[in-house]
Structures are given as C-alpha cells and as structure tokens.
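Just one chain is shown here, as structure tokens, and it is the form predicted on its own.
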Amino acid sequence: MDVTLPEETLLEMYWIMLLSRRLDERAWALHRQGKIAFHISAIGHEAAQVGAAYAIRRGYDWIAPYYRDLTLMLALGYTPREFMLSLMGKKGDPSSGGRQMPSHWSLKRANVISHSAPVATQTSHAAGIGLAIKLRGEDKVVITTVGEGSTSQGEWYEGVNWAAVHQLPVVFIIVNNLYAISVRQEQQMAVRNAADKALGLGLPGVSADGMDFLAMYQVMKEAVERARSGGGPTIVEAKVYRITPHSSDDDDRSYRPREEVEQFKQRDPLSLARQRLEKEGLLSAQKVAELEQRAKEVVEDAVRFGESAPYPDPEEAAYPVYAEEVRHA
C-alpha cells in the first residue's frame, strides 16, 4: 500500500465504512416503513469521510460538518444508538434532543459544532474557530465539509477568504458528488474542479479520489499537517458519487440517467476498500462475514434502542434553545 498505517487501523476504517453503510440502508428501510420522517444518505461518501477522520486528531481537533457526514461522525465516536435517536426525534439525541432534523450533527465530546439547515454557514463558523485557535497559540486544526453546490453560496467564499487572509488552521473539504440536489456541476460552476476555486482565494486546492479511503487519507493528512504547522488553510475536493437520491424526499430518476448511477456503482467505495484489503491479505471471506454479522447486530440493537426511547417532553421545547438563567458580570 502507498499509505503506511497499522493493520488494525486499516481494519477499523473498513469497519466504520461498513457500519455506516448498513445503518444508512436501514434508515432508508425505516423511512419506507413510515417509522421515520426523513433521511439523507452517506452512501457513496464513506471513503472520503473515513479518510478525513483518520487524518486529524479525533477528540482534539474541531469539526464543522454537513448533513451527509454519517461516516465521519461514526469515526468521531458518534454511536449507532445516537444516530437512531436522531432519526426518530427522540429525547436522548445528542445533536438537539430530538428538536432538529436528522443528520444535523453536533457532538460536544468530539468537538463537533452544531450547524443549521442553510448550507455553507458552517464555513464561517470553522473560520471563526480557526481564528480563535490562532489567537490562543494552539496547535489544533478545524475541518469543515460542504457539498460542491455550497461553494456557490456567499458564506462559503467569506469563510474561506477570511481563513486565507489570516492563514488560519482550517481544511475546507468540498465533497463533490456531481449534483447539488438536481443541478449538475457544470450548470453551477465554470471550473472543471471545485478545488480550482482556491486559485482566486489565495490558498492551495487539491482534488482527491474520494472513492478511495487511502487516497483521501493521504491528501487530508498533508493538508492537516500544513494547517497544524502554521502553513494556513487548504481546499480539499473529494470526488465522489451520490449513489442514492439526494434525500428521502427526492426522486433522482427525474434528473439523472440510470446508466450513470449503475456505472458509478462499479466504484462503490465500500467494495473498493474490501477488495484492497483482501488483496493485501488483511481481509478474508470469513472475516468479512463476521464483520457483516457484527454490523447486523449493532444496527438491530440501535433500532430497538431508538424505538423504545421516549420523545422529548413538551415542556422541553424551549430548552436548551434558550438559557434558563443569564448571569451578567
């Protein structure tokens, strides 16, 4: 392999990708059964996310995610049970206590900040955290993710420009799955690669094969090391493909041909990771079967846990949205 990582780390990365896929698939089934109201999928994005997660110091660095970051969140310690609480709007959901849409993440113990539904707003938050890190003289790094459609938003340009001007320790990840909901890349940007936008903002831009977890890890590792050492921000474009519709409310048959979807399924990141590890002698058919059984059990446990959990009490509607007590110095 081109990347030197311990065997146990490579297997752990594969496990997280597999678990994310099986949770994601179950979420689609729960939606079709009428048990949840909404789901937005990470299928096809798993490799890019796990590669990014393992390039940072998890629990030490800061993350400003976007809604398709299930695999990233699992790598940061978000549990399958917590994911089901979020999907079902249950009381123990760590992101919002069951008040926010599913997959609008936050996780205080992992330095994952909450974000809002309007896309690209987390970019400005990441730049602000990066400025605080620099002012404090810390060696932490911030990573933030957006889809390529979000790079057409003003907030994205403002956040990246601020980080570039002040040389802040931020890595801006653009997850390019070719479609901003139903709008293809060439209809909303004139550049060939989303990373090319870095040229006009004064910082490096790098494109990575986001279907290859080790290729993404290598590119991210270099960008993170650059940020941590005081070299400033980087734009990392992860080229992926969204195998599923945009969300459970979307019918992608209206805007993209089935032939294209089937073509990209041939580069399914989970299958590619398994084949690579099998070739290196790290995975066997028996080990794959054991991991599949483990994933099935974990998913079943998470669903049972979520279904049995209570909904928030009506009295909790305003808390913790508003502080119960405000102290003035």
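Each residue number is its position in the shown sequence, starting from 1. Fair warning: this is a prediction, and the values are worked out from it, not measured in the lab.
The next section is about a form of this same protein that is not shown, the form predicted together with a small molecule.
**Student:** Tell me the stretch among 90-98, 116-124, 132-140, 76-84 that has any heavy atom within 4.5 angstroms of the small molecule in the predicted bound form.
**Tutor:** Heavy atoms within 4.5 Å of the small molecule in the predicted bound form occur in 116-124.
**Student:** Taking 4.5 Å between heavy atoms as the contact cutoff, choose which of 248, 150, 218, 244 touches the small molecule in the predicted bound form.
**Tutor:** Selected option: 150.
**Student:** Could you tell me which one of 165, 181, 199, 191 places a heavy atom within 4.5 Å of the small molecule in the predicted bound form?
**Tutor:** By the 4.5 Å criterion, the partner-contacting residue is 181.
**Student:** Any chance residue 177 has a heavy atom within 4.5 Å of the small molecule in the predicted bound form?
**Tutor:** It does: once the small molecule is placed as it appears in the predicted bound form, residue 177 has a heavy atom within 4.5 Å of it.
**Student:** Even though the small molecule is not shown here, does residue 67 get within 4.5 Å of it in the predicted bound form, heavy atoms only?
**Tutor:** Answer yes; at least one heavy atom of residue 67 falls within 4.5 Å of the small molecule in the predicted bound form.
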